[in-house]
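Below sits a lone chain in structure tokens, taken as the form predicted on its own.
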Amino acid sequence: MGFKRQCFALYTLMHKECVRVVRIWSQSIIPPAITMTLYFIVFGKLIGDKISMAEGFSYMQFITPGLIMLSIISNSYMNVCSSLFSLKFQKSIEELLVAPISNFCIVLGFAGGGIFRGLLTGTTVCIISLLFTKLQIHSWFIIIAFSILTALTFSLGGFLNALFAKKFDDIAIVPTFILIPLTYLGGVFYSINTLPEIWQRVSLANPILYMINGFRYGFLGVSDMSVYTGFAILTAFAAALFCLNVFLLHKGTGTRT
């Protein structure tokens, strides 16, 4: 298969996934916007005014990067998971598998759609946050890098979930019992420095902690963790998940009966 043909196939699949996100805007954009607005009101205004933070930042400023990252994580994951599983459920994935497109491009095409939705909802939440607090930017490079890497990592995670899912209930198991708990315990609403020492050590095993803190560093210039460690973890997870998805797709795991 020629390189140009693969590039065109990748562009077509990625374009289809991005158009799908825009077409179902009432499901992909509005719900997370409303949810995050409620977070800003409840945690930022009603509770945040009673909490003092170090480093000269308000509690609202502290949680804003975490809420943006929370939106990126959940939406990039669920976009790919629901899109791929819908193809499996409708049996239309067979048309994709027999098309002249490599497994490499299939995984990358779906991941592109997940990245698009994750960054779109993250930008929406960022705009909403301006109604409640003043954002400051410490490093655009770190913000953009962590946004893209995080969206890519969880898009690939959603792809993996969809491969093994056999019914619609299966695509909700990982987000409900693994993703959401790890996200909320990843330092969105608190600094791990406020935890007892033993729980600080336990928290270090949570990879999302490094992602949220790295992203927060891009805004505020402060982080509980090393930004370089966060980059390394994100890159390693993304590379491992990508290779695993391509391998499983080649084997026909979850796509052949």
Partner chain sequence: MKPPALKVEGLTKVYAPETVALQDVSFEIDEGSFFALLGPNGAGKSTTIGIITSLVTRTAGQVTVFGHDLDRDRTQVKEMIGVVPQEFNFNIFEKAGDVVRNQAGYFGLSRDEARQRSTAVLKKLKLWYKRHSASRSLSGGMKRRLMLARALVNHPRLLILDEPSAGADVEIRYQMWDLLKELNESGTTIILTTHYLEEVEKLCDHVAIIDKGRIVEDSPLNTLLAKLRSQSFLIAVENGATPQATRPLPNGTDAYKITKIDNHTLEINITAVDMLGDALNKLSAAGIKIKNITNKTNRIEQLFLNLTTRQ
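Numbering follows the first chain given and starts at 1. Because the structure is a prediction, the values reported are computed rather than measured.
What follows is about the form predicted in complex with its partner chain, which we do not show.
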message: I have F8, L96 and I101 flagged as a candidate spot, so tell me whether each of them has a non-hydrogen atom within 4.5 Å of its partner chain in the predicted complex.
response: yes
query: Out of the stretches listed (111-119, 156-164, 85-93, 130-138), which one is close to its partner chain in the predicted complex, meaning heavy atoms within 4.5 Å?
result: 85-93
Candidate from I233, V21, V246, L13 lying within 4.5 Å of its partner chain in the predicted complex - any heavy atom: L13
